[in-house]
Structure formats: structure tokens, C-alpha cells
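Take a look at this single chain in C-alpha cells; it is the form predicted on its own.
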Amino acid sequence: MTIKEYVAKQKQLLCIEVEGLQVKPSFVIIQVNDDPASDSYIRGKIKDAGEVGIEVKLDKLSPTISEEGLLKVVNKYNNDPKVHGLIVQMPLPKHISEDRVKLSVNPKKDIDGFHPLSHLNPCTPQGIIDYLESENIAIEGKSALVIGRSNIVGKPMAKLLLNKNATVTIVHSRTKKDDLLNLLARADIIVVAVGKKWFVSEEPLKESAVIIDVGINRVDGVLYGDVKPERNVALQTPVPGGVGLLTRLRLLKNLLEAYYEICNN
């Protein structure tokens, strides 16, 4: 099943689930930037939420707001019982600490899964795991290679694969080229999240390999992944129309998990 087909099917199931709830799940997106990419991500989140009957509010603040002013807005939604999920859209203005803002979000409402006390996993890695399992792709005992070590994708992706009993290796910008080539040639599952067009291009790979391309690189108005398309492998996720859809789907599922926890306590 393609990612688009999988996401459409999962949305249908979410719609049925939400229809049966007396109180509609809701979340708030706080935006403190004029970033076109953020605008696009937010439109996608709002569209997805509307399709399954979830309420969403965008609170767009001035980029000149003080850090303390933003924290007050975050705290307002932390304490609002009608709000079940809260997202502070990144990036933030330079005068505001991203770490401080992330830590200010109520862990029970942190549907991005960034807070260290959140019981939810970050959306992109968990969305990838969900899709692999839906396709009956074996993870246990497989050699998994994660290219990239960000706190949003690389590190949590490695952790989730390890929790599924894969043998996991992380490589990064300081990894020696020969080591990277050897690891790519042996890997069963390859997750690439470095933000460089076609970082993986002609290197030898297993024909049975599964490639998850997390990269979104805009060059001359065209979107490219981190992996050159149409590699001779068992599965390669497309860009666009791939991991981004899985991330947004997982966000809705995280919201429902947060909703049930809040409403049942």
C-alpha cells in the first residue's frame, strides 16, 4: 500500500472514532514567525484535522513578542481544559529560547512529543514505525542505519528502531565516507534525515533494502529528497508525498492519545 493510500485509510478510521466522541478533540497551534515553510506545514495540519473532525485553532503572534509574553500564552492553553493538544510551531525568533518554550508546554498536551516528560513519541519517527508495521516490514533483527542525529528525527528514530529489536547504527556529518559506504551496503532499513539533496545517490545498496527518505530540500522551486529517486530497492518513500504525510497522521493520533489521557483523569 502506498503512503497516500495508507494515510487515507487511517484518516477514515480516525473520522469514525472522532464521530463517536461526545467532546471533540481540539488542539492549538501557536505561531511566532512569518516563515513560508511553517505556513505550509500549518495549513496541512489544519486541513488534516478538519478532515477527521478535530477542532484546531491557530494563534498567530507577532515575531516581536517577548519570551515571557509567549510563555504566558503557552501557559494559558496549558490550563485550558478545552484544549487537549498544544503545538508551538518552530522556528522561533532568535531572541526566544526554543528549549525553554518546549519545556513550558504541558507534557500531557505535548502532541509533538518533544517534552522529555511527554509519554508520546515525536511524530516523524513514530509515524515511520507505524507505516513499516502496517506494511509487515520486519524490523526485529534487521540492520538499521539512521543517517542524521537531530533530536527531532535521528535520535528518536534510532531509539524506536532499537525498541523494536533492530540493530541500529547512527551516522552523521563526521562519519568517514568509507564507513558510510560499508554501512549502506549492509543495511536492511535506511532512514535518511540530513537535509541535503540526494545525499544518498549511487552508493551500492541491498535490493531488499527499505529506504525512508525524510529529507525536504527545495532547489529552484522544486522539492527533492535526501535520496536519489528510483533506487533499486524493495521500498523507497517518495518526496514529496511521503514521510510528511506520515508525520501529520501521527500528530492526529498523538492528539487522540492526549485527549483520552486528559479526559480520563
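Residue positions are given as counts along the sequence shown, with the first one as 1. Every value quoted in this text rests on a predicted model; they were computed, and no experiment measured them.
The same protein has a further form, the form predicted together with a small molecule, not shown here; the description that follows concerns it.
J.: So which of 129-137, 100-108, 152-160, 74-82 is the stretch with heavy atoms within 4.5 Å of the small molecule in the predicted bound form?
T.: So the stretch in question is 152-160.
J.: Tell me, which of Leu205, Val56, Ile216, Ile65 has a heavy atom within 4.5 angstroms of the small molecule in the predicted bound form?
T.: Checked against the cut-off, the match is Ile216.
J.: Does Val168 reach the small molecule in the predicted bound form if we count a contact as any heavy atom within 4.5 Å?
T.: Val168: no contact with the small molecule in the predicted bound form.
J.: Given that the small molecule is not shown alongside this chain, does Trp198 nevertheless sit within 4.5 Å of it in the predicted bound form, heavy atom to heavy atom?
T.: It does not: once the small molecule is placed as it appears in the predicted bound form, Trp198 has no heavy atom within 4.5 Å of it.
J.: May I ask you to check whether Gly148 falls inside a 4.5 Å heavy atom distance of the small molecule in the predicted bound form?
T.: Heavy-atom contact with the small molecule at 4.5 Å: present for Gly148.
J.: Just checking whether Ser173 would be counted as a contact of the small molecule in the predicted bound form - the rule being heavy atoms within 4.5 angstroms.
T.: Yes, Ser173 lies within 4.5 Å of the small molecule in the predicted bound form.
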